[in-house]
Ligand SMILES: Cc1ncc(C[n+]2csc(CCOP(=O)(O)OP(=O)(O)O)c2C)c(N)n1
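To begin, one chain is listed below as structure tokens, in the form predicted on its own.
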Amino acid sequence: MKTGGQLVVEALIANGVKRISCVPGESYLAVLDALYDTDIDVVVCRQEGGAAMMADTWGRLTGEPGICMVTRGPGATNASAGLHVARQDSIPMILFIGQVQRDAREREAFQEIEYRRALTEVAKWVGEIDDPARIPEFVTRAFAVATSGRPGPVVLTLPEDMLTESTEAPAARPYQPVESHPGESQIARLADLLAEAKRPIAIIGGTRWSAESVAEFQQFAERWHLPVGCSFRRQMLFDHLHPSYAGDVGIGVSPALAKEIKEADLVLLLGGRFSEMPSSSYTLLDVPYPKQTLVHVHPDPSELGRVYRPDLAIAASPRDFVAALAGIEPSVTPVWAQRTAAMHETYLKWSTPPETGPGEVQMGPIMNWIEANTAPDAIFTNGAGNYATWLHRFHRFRRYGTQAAPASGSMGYGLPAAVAAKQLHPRREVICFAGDGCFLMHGQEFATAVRYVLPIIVLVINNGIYGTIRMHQEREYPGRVSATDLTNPDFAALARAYGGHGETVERTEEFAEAFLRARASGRPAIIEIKLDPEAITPTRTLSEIRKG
């Protein structure tokens, strides 16, 4: 006889869970008690949204579901921000929510929410466990749903009295991943399309990749001299210095790359959905019938033909699809080889930052210094905002597993992501980019980094405004500033108050030494970079945008 709380923890252990993020609540004390006798790392966070984003990051960097636990009502609604990221970004994650006792349901009991109604939009499946004997069944299903097809978050709610009830149940077993493989005829058809093409391009994205599949696809691209672009915030999927790399297909895509995609005669869309941001608001491919011959490879059949009608649809994960490419060899050097080389050279110019700009701090030289002084396996995280352009456009990602950034565009993601990444890879450097507005949405998780002695380096790029919104505001309503100015703390002093290391950079030449001191401190660090609000983009100032 075991309690529901013990059965939940046994199911997690059976499925290989090594860590969970949580904000504790009285609604699931029985689970917390059962965790006491295990080796699972319980990471105590300061807000449920941050806890859920940490779980998303573990899922993003490992391919295994990140686990988060929160309490009912406000705990669950706070965590929904992380659910939304995982849902839009196709990240495997399981959120456990303590629920009101079973005999109080449907009475609007204390902090009661009916989660199957509330969270279905941001989760692949929402289940509630009424009978503790069914816990192994529900947890096994949760892992399978979170990882199969298009991965995503699953929610399991745990009534408080169910967790304390004792019962007999079968021993939990690990879930079995569901794989989908391309057919031989589909791979043969792809080979024929490549042989017939004159201006092909591959756009890779999504999840269910691995370091091995990334390397294998790079070898395929090299054999075929195939130009490759990475979908929005999926840049770690291809070495940016590989001669086939053509650039980031995301917000602010290079005009030259956008032109190449529109004029391509064959597009291999691998792993991703090519949604609004990477498709430049659905303009790079016509909806529903692209002008280009479209090969769409996605692990979830329901995504194939949902927006774009493909000429060849292949239901397979990137890992399985790439493995099937090993036998495809071009008979001669493809006619587009010189075009691919030219596209890579254009990318290198596009990704070279400007040396000058308004104000005393120039982000271009700072990015050059970061490129020259960080290892290829350093992990970069960020949330959302114009500041992220400096990272996404000018950092050249070299390896898989080095990026944690929300394709959903969620502010506040970067700091909890950095905490999670450093826990996962303690020997690798983890650098978080955050705007001043972005940082303060989950800035309290800096306390989590201090508690667990995680020496992340956070670059708070402070321009005193909600920069992206101000940019749009000045373009649409010039000179009519409303609701976009911010009043900020001294971020370096805030870092020290938490027990971390703090630096302030007010001139470009101060950055290098500030970064080296932060690195040498061995503590979580914040480097506040005071950026002139005029430097709103790498190429246009706020005043220029205002003038139209």
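All of these numbers come straight from a predicted model, not from anything done at the bench. One rule holds for the numbers: they count along the sequence shown, beginning at 1.
Below, we turn to the form predicted in complex with this ligand, even though it does not appear here.
None of 350-358, 184-192, 407-415, 99-107 except one has non-hydrogen atoms within 4.5 angstroms of this ligand in the predicted complex; the exception is 407-415. This chain is drawn without this ligand; in the predicted complex, the residue among 264, 384, 285, 228 with a heavy atom within 4.5 Å of it is 384. This chain is displayed alone, yet in the predicted complex one of 76, 366, 441, 156 has a heavy atom within 4.5 Å of this ligand; that residue is 441. With a 4.5 Å cutoff on heavy atoms, residue 463 counts as touching this ligand in the predicted complex. Residue contact with this ligand in the predicted complex: residue 436 places a heavy atom within 4.5 Å of it. Residue contact with this ligand in the predicted complex: residue 469 places a heavy atom within 4.5 Å of it.
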